[in-house]
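Read on for two forms of one protein chain; each stands alone as structure tokens, with the labels structure 1 and structure 2.
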Structure 1
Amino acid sequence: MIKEYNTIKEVAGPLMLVEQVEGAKYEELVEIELPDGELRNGRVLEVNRDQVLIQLFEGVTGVNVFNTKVRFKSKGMELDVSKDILGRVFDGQGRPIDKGPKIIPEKRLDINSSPINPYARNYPSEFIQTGFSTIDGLNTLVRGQKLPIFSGSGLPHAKMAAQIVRQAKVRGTGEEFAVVFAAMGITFEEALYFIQDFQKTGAIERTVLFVNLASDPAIERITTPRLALTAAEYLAFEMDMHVLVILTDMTNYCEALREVSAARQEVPGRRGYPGYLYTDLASIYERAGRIREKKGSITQIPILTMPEDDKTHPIADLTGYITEGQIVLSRAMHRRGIYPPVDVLQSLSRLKDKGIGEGKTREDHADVFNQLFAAYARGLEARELEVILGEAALSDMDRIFYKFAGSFEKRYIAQDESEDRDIEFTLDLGWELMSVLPTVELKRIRPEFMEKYLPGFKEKVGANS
């Protein structure tokens, strides 16, 4: 039953206080009718006896406290879902904005779903191929994982996100794969870039887009990722699809949380963010995973821009605690023209070992990863030594690893925006790069794998003997 009130006491920022309200519930949807008949939406943010604090989606401009009507809808915010949502573009309230037909729902789902019960979870164990060597080869993404990208202002995370949408696939399953893409607080140009890119490449056919522009209300930025995850849960756990969810930019989401928290006059935490930031982020990230006896899965790639490239910033810091690793983008590599500018030594996928090996990628994957990582680290040490002491101070072995580091960045890390590498190409490229190193330095690779995959191995062994 819809209840109507005309008892607005106060309006401040995006918030409205209504008195003498009976039976209001937290997160309940509210409809506001202005004196001129315009309708706006809001939701209940706080209930204190008969006083209710309402958060407005479209702002409070034009609201008259005496002649504005407030209606409580007795339900939370819901998303209309069916398989027809694939290929569609929605705003931060779940309304179609692509001039397509209205969604005829099979279900209406509350967007505030609970995180997956840990007891019901199935362990992530299947490889997802993104087409990026730095991710597939060194920081492998596993189905059901949460693997964020830590970026910075001006770095090409948007370009990487669009490329992952185009290229991502679960190999060898034959099961349907979908992408849910949520953009929060982006510019109109960025939104147009994503939509046109997906349409041009055909990726739009398996993608659901939720777009909240920088000019849209901040409150929409708080609902956008929850709408996206509700759509993902429907596709994954009711339509049995593998779903990759990309959330960009989580920094804009957290800024919206801080703005609303300040309007509510809450006691601020670190750098002005609300004290419940960790809990709020966890309520989003923990909706990824696999469920026992369900075919589908949700894999998350949240993207956040670190203010001042600071990894200790609360958003990056808390995200790192909740998720299973991170892909870190390097401003120094970006300035040198390397795309994607992934900082290999600072990046990590904590579940990579569960998604690689025989039957998933290839038997030599773990050994190749370990050796490439070690050789590149040694090459960077030689590069630092050369900067400090000069090239003459380098030993012959230092020079070999110095050159290896340069080749590794130019050929393995760097790749074209349209280049979709399969895992076999990535592994073979790793072996090719390692072939310049003396076999005695390949200490992390088993001899049988060197004999099978290392170019020129028999000639090297013959020369040494």
Structure 2
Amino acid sequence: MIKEYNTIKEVAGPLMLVEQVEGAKYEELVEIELPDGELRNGRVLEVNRDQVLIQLFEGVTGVNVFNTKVRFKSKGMELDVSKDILGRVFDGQGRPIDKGPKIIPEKRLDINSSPINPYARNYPSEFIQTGFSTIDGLNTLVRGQKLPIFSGSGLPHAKMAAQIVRQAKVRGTGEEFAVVFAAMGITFEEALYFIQDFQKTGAIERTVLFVNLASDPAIERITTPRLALTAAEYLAFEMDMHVLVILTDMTNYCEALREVSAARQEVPGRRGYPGYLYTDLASIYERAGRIREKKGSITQIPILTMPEDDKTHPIADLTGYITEGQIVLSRAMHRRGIYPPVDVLQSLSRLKDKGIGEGKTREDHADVFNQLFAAYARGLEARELEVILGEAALSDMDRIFYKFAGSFEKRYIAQDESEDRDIEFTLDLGWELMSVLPTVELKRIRPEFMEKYLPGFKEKVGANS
């Protein structure tokens, strides 16, 4: 028998305080019935003696202190899953919104799953080819990794994410893969862009969408990514699929979290975000990975727009501390018309070292990317010098690197929206670009690889001696 209470004491912000409650559980789901019969959902945030603090997902508009009823459902929030969720669209509380049939659940899963035992994890090491040279060659993505895109408003992160979904593959395998897409507070157009792109390529058949638009309740954004990851875990670890999870936009998620924290009058951390933002974000990002003796995997690409393109903003900062690298988009590159505008020096994939090399990509991969980085960094230094002093002030060597940086951006970083490069092409392109540099400067490359891959190596060595 579910008890019903009409002892609401306070309603403020997204929160509601109910008194004289018996036996309420922490994090329990509640149902609220408004005076006009409308039903809303909420979650218990705190239990203090007979007082219960409830967070309402759909806001408090229309809630009356005296005529509203509260029912405790004695269970946490759950998601109904079965293989039929593929190809379906859900809202931020996991209810289908695509006019399709109800999901007949095979299982009901708690959306806050327990942490993966680090001992049970399998280290991500399978190379995912995205078709982007900047990612495959320099910031290699592997299965089970969480690699966010640090973007800014107006930058083409959505285009990039859609292209990754289109092109991503693990080579030489025909394994089943799926996409879970969670939209938190993005605009209708942005969501439509993804959905249409998925439809065009047929990816929609293998995609589960959880959509909370900018116009939907903000508090729902807190549950949206958790629902998405619950679906992903089901597909990956019970259906043996390789799941790519796109979470966009994490900035909106964090703002919803801040809203609740502010309403609870908690001591704020940096920029008003709660002190537990790191822990909370970790509970989302750490749900990526592989598990030993399980076939499936979860790879996450969270997208966040950095306020004012500031990488030290708490959202970007804490994300970077949890995720295994980051792809940083640069406004300056975007303005120069380079797509994808990836800031190569600031981007990083921490797991690349285990995912590249012989048998995975190619034996020379590590040396090539080390050298490309170093050379590009030196080229940018020369460019800085050139801005201040003019090209005449550059030494011969600086001039070579200066030119290299230019062609590296134009040919290696930049590519077409429909261009799907394989890893051999990317590596060979790197060698070709490096061939303008003197071999003395190629300190990070082993001589045997130079001999094997560097175009015109023999002639160059002959000329040197």
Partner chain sequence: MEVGRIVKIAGPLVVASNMQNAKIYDVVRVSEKKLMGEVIEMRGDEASIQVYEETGGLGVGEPVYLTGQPLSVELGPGLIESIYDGIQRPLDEIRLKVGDLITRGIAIPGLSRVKRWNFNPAVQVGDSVVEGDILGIVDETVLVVHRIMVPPRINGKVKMIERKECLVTDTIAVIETENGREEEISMLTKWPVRRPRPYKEKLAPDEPLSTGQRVIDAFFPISKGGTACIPGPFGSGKTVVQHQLAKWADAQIVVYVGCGERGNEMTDVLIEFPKLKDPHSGEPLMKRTVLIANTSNMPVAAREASVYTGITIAEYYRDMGYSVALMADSTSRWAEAMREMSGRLEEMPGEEGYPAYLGTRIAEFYERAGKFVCLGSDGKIGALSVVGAVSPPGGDLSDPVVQATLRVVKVFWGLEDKLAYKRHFPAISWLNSYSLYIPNLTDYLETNYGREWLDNINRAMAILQEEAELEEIVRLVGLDVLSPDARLIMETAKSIREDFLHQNAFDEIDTYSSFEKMVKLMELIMHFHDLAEDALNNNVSILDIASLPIREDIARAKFIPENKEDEFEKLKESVTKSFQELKEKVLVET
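One-based numbering along structure 1's sequence throughout. Just so you know, these numbers come straight off a predicted model, no measurement behind them. For clarity, a rigid core is taken as the largest C-alpha set superposing within 1.5 Å between two forms.
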Item checked: Form predicted together with its partner chain - structure 1 or 2 -> 2
Item checked: Rigid core fit then A405 CA moved by 2 Å or more between structure 1 and structure 2 -> yes
Next item on the list: Answer yes if the CA of S395 moves 2 Å or more between structure 1 and structure 2 after aligning the rigid core, and no otherwise.
Entry: yes
Next item on the list: Inspect the rigid-core superposition and answer whether the C-alpha of K9 shifts by 2 angstroms or more between structure 1 and structure 2.
Entry: no
Notebook entry, point to check: Once you lay the two forms on top of each other by their rigid core, how far has the C-alpha of K443 moved between structure 1 and structure 2, in Å?
Noted result: 4.1
Check: Once both forms share the same rigid core frame, by what distance in Å has the CA of D428 shifted between structure 1 and structure 2?
Finding: 3.1
